[in-house]
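Let us start with two forms of the same protein chain, each given on its own as structure tokens and named structure 1 and structure 2.
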Structure 1
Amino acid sequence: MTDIIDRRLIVGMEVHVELATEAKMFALGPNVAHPSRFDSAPNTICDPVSVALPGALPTMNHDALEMAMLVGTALNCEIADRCQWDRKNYFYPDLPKGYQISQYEHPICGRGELTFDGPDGAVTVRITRAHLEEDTGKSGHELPGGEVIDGSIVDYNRSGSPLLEIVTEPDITSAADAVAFGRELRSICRALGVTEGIMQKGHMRFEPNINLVLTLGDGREVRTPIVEIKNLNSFRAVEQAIAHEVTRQEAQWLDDGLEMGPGAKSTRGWDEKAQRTVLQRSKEDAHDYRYFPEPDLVPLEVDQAWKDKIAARLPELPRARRARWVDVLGLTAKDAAALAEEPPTADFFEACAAAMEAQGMSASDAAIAAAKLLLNAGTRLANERTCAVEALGITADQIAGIALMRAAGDLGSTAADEVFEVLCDSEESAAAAAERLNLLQVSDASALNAWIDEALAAHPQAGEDFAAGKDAAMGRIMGHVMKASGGSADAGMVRARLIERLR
């Protein structure tokens, strides 16, 4: 067999997004993907439609449709004038009806695109379609405590939950870009408020379709059969599964020479412990599902006024928001990414910066000060208290007060962190807290000079070393000044006066 001299990865993504509506897709039963139902015990929120009781008929969830349209608009998709519901027929224990209500020929969202920032720069992936369907139940092969059983168990809570399936063209060429695409899509969906996006709960499940273009020594190009990796619910799993498939598919081709063609597709599962994919079945084609129009639901007409109403709900999307923070407000890309990771944190950051601007700070200074306080003191306390930064209890106005005191030189950095922590459990102002805790920074010239004189008298050698250019010697002098002042001396002014006096 001819040697392989080059290989090129091709990945198309299928992403299943559980929409956080209160009710299910085609029934009034509660939706397990809604925050109020996260902790529902297995098989406690089932409904007649989703478990296929005789005579139960579906009714479309209007909120789910509008959420799908909102995502499609954010992805620059063509929103259909007319969409249709279809039955996708197959048997599996977690599908009580024996079919899934989905969209086949006429989905709600058509072609679009998503541009995101990959490791090597901006990448644009074409969206093929985004269609609505009902989710299945959830099969398991071990008990809740982890005990492996000889058989399977099924939880029908998820059955009937609204599911938006987003399908891309095979435009992704690396595992890292696949992860970056997934992260950006998750950020968009969470910013739109259509899903909580908790990966561990299966709110977003990724199914990369992977194959290789192999360049052979004789100049020919061959394509390996496409493999779909099912139900990946972490970005780590997405990256590792794709990386594994690159190696496995090349080795498989060297072993059997099988190329992409009719009937050559397959699905595989990801074994996290073994770090390998496992064959599940040969991949069905569309005709295997015997799609036909759903007789219990009429086609849906979407006029331009409805589309315009949805477009008007579109907020500033995460990528544009991060770019504004960097390009206009002067944040670093790293800080912007950290603040934008959680939509409520991003909104709280904006509120803090706005409160500072209202007190006279420039937009850039306010943003940088807010970012520093939230990402330093805020993140530390949030980690300690196992909550989000915005849930610490401190208000935007209180944070603005800290920043303004820092800018005026009334509060040192360490004292600012202390005031921040105190205000998480207090309704007083930053100024009142700082005064009560005796943390106000002293910049009075006579007081500073007195402390400096005392420090130099106590550490004459340190004074001589600093005068000779040894910056490290200032530490001993500064330490004495801060101790003598009870931590209230303005460190910047102390340093400036030492340089003025000794150099």
Structure 2
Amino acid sequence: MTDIIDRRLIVGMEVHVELATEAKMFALGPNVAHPSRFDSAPNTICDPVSVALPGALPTMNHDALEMAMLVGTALNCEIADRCQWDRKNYFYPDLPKGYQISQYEHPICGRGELTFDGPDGAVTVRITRAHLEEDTGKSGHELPGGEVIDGSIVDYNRSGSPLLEIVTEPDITSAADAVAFGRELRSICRALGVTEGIMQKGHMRFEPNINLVLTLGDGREVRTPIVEIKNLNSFRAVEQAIAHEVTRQEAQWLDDGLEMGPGAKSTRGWDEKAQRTVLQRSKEDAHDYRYFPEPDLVPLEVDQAWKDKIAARLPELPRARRARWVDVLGLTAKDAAALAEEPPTADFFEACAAAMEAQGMSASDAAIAAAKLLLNAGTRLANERTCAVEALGITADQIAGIALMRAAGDLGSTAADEVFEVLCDSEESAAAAAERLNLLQVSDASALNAWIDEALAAHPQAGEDFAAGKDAAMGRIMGHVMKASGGSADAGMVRARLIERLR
């Protein structure tokens, strides 16, 4: 066997997004992917269509269709003028009808593309298509509480939930890019309001199709058989499963020399505990789905006016928003990414900056001040209270008050943090809180001098050391001044006075 001198990873993605409509895709039962329904008890939100009672007929959910068009438009997909539904036939206990209604030849969204920022720069991935279908019920292997059982159990709550399946071309070349792609797509879907995007709840499931191009010592290139990994529901699993496949496929090729070709594709699952992929199905027993047009639903026609209406609903997309924050407002890329991660936080950040601008700060100063307050005091408190920054209770106007006092030199940074925390549980203004708590920064010369005198009297050695040029000695003096002033002394002014008096 020839040596492998180089390897190139090729990944295409299939992503299932559960759309958060109120009702199911083709039925009137409530949708488990809607935030208000996630905790529904087993088999309590089913209807005749989702458990396939004889005679039950499907109808199309208008909002599910528009959500699919919205995502397609955000991904620059061609929205079909006309599309139709097809039956995908297979038997499984979680699919009571014996077929899934899907879109085979005529999906609602055609070719498009998504650009995201990977660790090595911007990457554009071509979108092959995005089609609508219905989800299956959910099989389990243990009862709630963990009691292990012999067979499997099925909860049909999820049966019939709208699913958008997005398929990409094999344009992804690293596990890290696959994750960055997934995060960007999640971010877009959340910004569009089509899903909460909570991975643990299965709102998004990723299925990478993976193979390698191996360059051999004799200059030949061979492609390993394509492996599809099913149902990854965390970004960590996506990254680890792809990384594992790189190693496994290379070893497999050295072992059996099998190359990509008809009949060589297989499906594997990710075993989180063992950190490896496990064969689920090879091509030999691949399904034959016998697709045919769904006779119970009429085709869809989408005219230009409808497409325009959907396009007009598109908000600024996350990547454009982050770029604007960096390029126009001067945020760091890291801060912009942190603030844009959750759309409600991003909106709150913009509201804070707008409130500061309304009071006379420049757009850039306002944005930078808002980012600093939200990512420091805000994030710390949000972690402590296990809620989102925008849910802490402090308002954009209150935060603007803090920023303005900071900018005017009326509030020190420690005092600002304290006011931030107090305002989470108070409706007073930042200024009122600072005054009530005696946190207004004192830069009045006589008051500062009195505290400095006191500090030097208490720590004569530190005074001498500082005078002799030891900057570190200032810590003890500053500490005393801050203690004496209750944190209200303007640290910069104290430092300036010390230098003026002792050096």
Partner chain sequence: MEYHPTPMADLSIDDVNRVAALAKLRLTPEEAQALLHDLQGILGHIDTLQDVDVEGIEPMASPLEHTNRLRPDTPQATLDKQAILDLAPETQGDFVSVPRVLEGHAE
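We call the rigid core the largest set of C-alpha positions that still match within 1.5 Å between the two forms. Everything numeric here is computed off the predicted structure, so don't read it as measured data. FYI, numbering is relative to structure 1, first residue = 1.
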Of these two, which one is the form predicted in complex with its partner chain?
2
Does residue 36 move appreciably between structures 1 and 2, meaning a CA displacement of 2 Å or more on the superposed rigid core?
no
Would you tell me if residue 58 moves between structures 1 and 2 by 2 Å or more at its C-alpha, with the rigid core held superposed?
no
After the core is matched up, is the C-alpha of residue 435 off by 2 Å or more between structures 1 and 2?
no
Superpose the two forms on the rigid core, then give the C-alpha shift of residue 460 between structures 1 and 2 in Å.
4.2
Given the rigid core as reference frame, how large is the C-alpha shift of residue 470 between structures 1 and 2? Answer in angstrom.
2.6
